[in-house]
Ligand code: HEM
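First, one chain by itself: the form predicted on its own, in structure tokens.
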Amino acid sequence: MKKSELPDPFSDARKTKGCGQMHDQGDDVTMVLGLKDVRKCAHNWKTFQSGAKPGRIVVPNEEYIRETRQIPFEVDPPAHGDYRALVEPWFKRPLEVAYQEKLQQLVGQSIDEALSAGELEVVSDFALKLQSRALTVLLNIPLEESETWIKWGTHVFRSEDSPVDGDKAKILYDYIDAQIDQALASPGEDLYSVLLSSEVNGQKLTREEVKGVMILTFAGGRDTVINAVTNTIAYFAEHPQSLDRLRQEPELITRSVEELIRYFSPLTHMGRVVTEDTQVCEHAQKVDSRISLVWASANRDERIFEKPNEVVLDRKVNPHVAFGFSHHNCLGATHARTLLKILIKTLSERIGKMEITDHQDNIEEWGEFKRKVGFDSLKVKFEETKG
């Protein structure tokens, strides 16, 4: 098996039962596995709620480490639509040429560093740095602020000892509080300042609401982007013919991003809280119980995707749910897609060869399932393209 391969551990359960089971900090969680069922549950916000107690829909459960509601992630319609309408224009800025030019500079810097080093540990010295630097563009703040985030490491809420680390989470919360204080004292053109001066339905956002948006922005796009960047490099290191194809056919890069995101599924799943007795995959589900929408399983559903366990760079029909589905589709998707497009284009133009020299897989355990989501460590040799 290639080091870059991400097997599908959900296949048998998806085909035979449609659901799986796991236990998460006091709750039994029903894992919804098929694409149609995942989409159906994601769309039915009245029965499968996001606006439960803050932290409860996240897997693993975060309700014991925070009281702040992440906005609009943990809000249901109709209020969800009001918040989304406020912040969505900001998160669509990656479509602007000037934004893309800034990302191009940061990707170029990361490639320069990789070529200069010759051999690099990709997770911490490439993916983490690129994710953090790119976040400064999304927040519209100075680049040097990324150095603080890089020191936090790859996970916001997780440590080696705990999947949900309250002490580590407090570092982020205290940091955001300090940045809000700074924006209140000296407003600028950054996201903090924009939110603090914004209104929803004629009411200015409260400090807690601003904090909720910012926590989501920091936490939601950290591990996922790091996984996506790392897996992209690993894939092309082991499939140089694919990178060569994109070098010859750059018009396929947009499709290739969607396909790699489908295959990698950087976020395994996300939860919902059940509001009434119902059924999921023909199994009874009690009120106030939890389900999870397993994006990673849905994206390998053999009933929907031809050759689901292969990367097909020019896949034409690709209804993946790696960025979620329905009204809770990921706000940061445009930023992530743009960053990956620029990264792949730059790799195709500047890198002649990449070789994996060492690696340590990142294995998640979800009840009966063990899923490789990427790498804890990935060492790669980089060589510049000749001629």
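All of these numbers come straight from a predicted model, not from anything done at the bench. Residue indices: 1-based, along the sequence shown.
Heads up, the form predicted in complex with protoporphyrin IX containing FE (HEM) isn't pictured, but that's what we're talking about next.
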Listed range touching protoporphyrin IX containing FE (HEM), judged in the predicted bound form by heavy atoms within 4.5 Å, from 303 to 311, 230 to 238, 273 to 281, 132 to 140: 132 to 140
Heavy atom of V107 within 4.5 Å of protoporphyrin IX containing FE (HEM) in the predicted bound form: no
Partner proximity in the predicted bound form: P60 to protoporphyrin IX containing FE (HEM), non-hydrogen atom cutoff 4.5 Å: no
Close approach of H335 to protoporphyrin IX containing FE (HEM) in the predicted bound form, 4.5 Å, heavy atom: yes
F323: touches protoporphyrin IX containing FE (HEM) in the predicted bound form, heavy atom cutoff 4.5 angstroms: yes
Every residue of G51, T68 and R290 near protoporphyrin IX containing FE (HEM) in the predicted bound form, heavy atom within 4.5 Å: no
Heavy atom within 4.5 Å of protoporphyrin IX containing FE (HEM) in the predicted bound form - residue from I261, I176, V194, A169: I261
One residue of L267, I253, V200, A79 in contact with protoporphyrin IX containing FE (HEM), assessed in the predicted bound form (non-hydrogen atom, 4.5 angstroms): L267
In the predicted bound form: members of 327 to 353 within 4.5 Å of protoporphyrin IX containing FE (HEM), any heavy atom: H327, H328, N329, C330, L331, G332, H335, A336
